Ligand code: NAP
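Below sits a lone chain in structure tokens, taken as the form predicted alone.
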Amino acid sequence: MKYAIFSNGKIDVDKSLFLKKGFKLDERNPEVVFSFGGDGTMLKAIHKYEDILDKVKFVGINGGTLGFFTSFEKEELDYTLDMIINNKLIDNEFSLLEYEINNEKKGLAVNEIAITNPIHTQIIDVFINEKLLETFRGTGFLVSPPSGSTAYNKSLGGSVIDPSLKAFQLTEIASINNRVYKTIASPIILSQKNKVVLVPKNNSNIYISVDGESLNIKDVKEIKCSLSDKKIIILSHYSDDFWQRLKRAFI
């Protein structure tokens, strides 16, 4: 089995164990990617192999402070490799978000795309399926697939979404609501058939980040978002399902 290692640099990995188990190192076209670190490391690993997501599975080895995507500890590596060889792990599928900015910049998000400005009030027209829903005033928006519903989205009061659902979420960030200006003032969960378009009125003052990484786009005219057909597969114990990881992370 071909494998690759993606590490946060803080964990020493004994590659001889992989060789002993019959794994072959292939950094370009692996079948399994082992992420050693926390959730941030896993996100970077997924984006590195974004072009071959239909051919690769990910294994999270926890080495951070919080690992929602990491089901295994470094001390379990020998056991984990045996479980992979014997097909004893479960495939956890997560749908991704796809975005397009100014009909030019395209990409995928595992956790979210954030459209923010912490200094100046943003004014953004929100279209769902080409129909105007509202004119938003506030700090910005977060758009997230189910895998990101437990990340930044949850901190904003967004809903936790069962990853088996084909849905994504639009969450406001510090909206202005008074007798003059009104917004929905609630997270909106949309099915896969829906498309969201955000059109800023003051496009020179917008900061966009995807999974915590900033995009250098100065003149943002519109951001299109929808649920992608592409998925990621993260391996875990059969007993360590989404709800158990949710409990472990937050309760």
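The structure displayed is predicted, hence computed values, not measured ones. Don't overthink the numbering: it's just position in the shown sequence, from 1.
Note that the form predicted together with this ligand isn't included here; everything after this is about it.
Enquirer: Looking at this ligand in the model of the complex, is some heavy atom of each of Gln122, Glu172 and Pro200 within 4.5 Å of it?
Expert: So, no: the whole triplet misses this ligand.
Enquirer: Just to confirm the contact call: exactly one of 98-106, 128-136, 68-76, 157-165 touches this ligand in the model of the complex at a 4.5 Å heavy atom cutoff, so which is it?
Expert: Selected stretch: 68-76.
Enquirer: Considering only heavy atoms, tell me if Gly38 and this ligand come within 4.5 Å of each other in the model of the complex.
Expert: Yes, Gly38 sits close enough to this ligand in the model of the complex that at least one of its heavy atoms falls within 4.5 Å.
Enquirer: Hey, in the model of the complex, does Tyr152 get a heavy atom within 4.5 angstroms of this ligand?
Expert: Yes.
Enquirer: Taking heavy atoms only, is Val32 within 4.5 angstroms of this ligand in the model of the complex?
Expert: Val32 lies outside the contact set for this ligand.
Enquirer: Quick check on Pro187: any heavy atom within 4.5 Å of this ligand in the model of the complex?
Expert: The answer is no: Pro187 has no heavy atom within 4.5 Å of this ligand.
Enquirer: If we check this ligand in the model of the complex, which of the residues in 86-112 reach within 4.5 angstroms of it by a non-hydrogen atom?
Expert: The stretch 86-112, when checked against this ligand in the model of the complex, contributes Asn111, Glu112 at the 4.5 Å heavy-atom cut-off.
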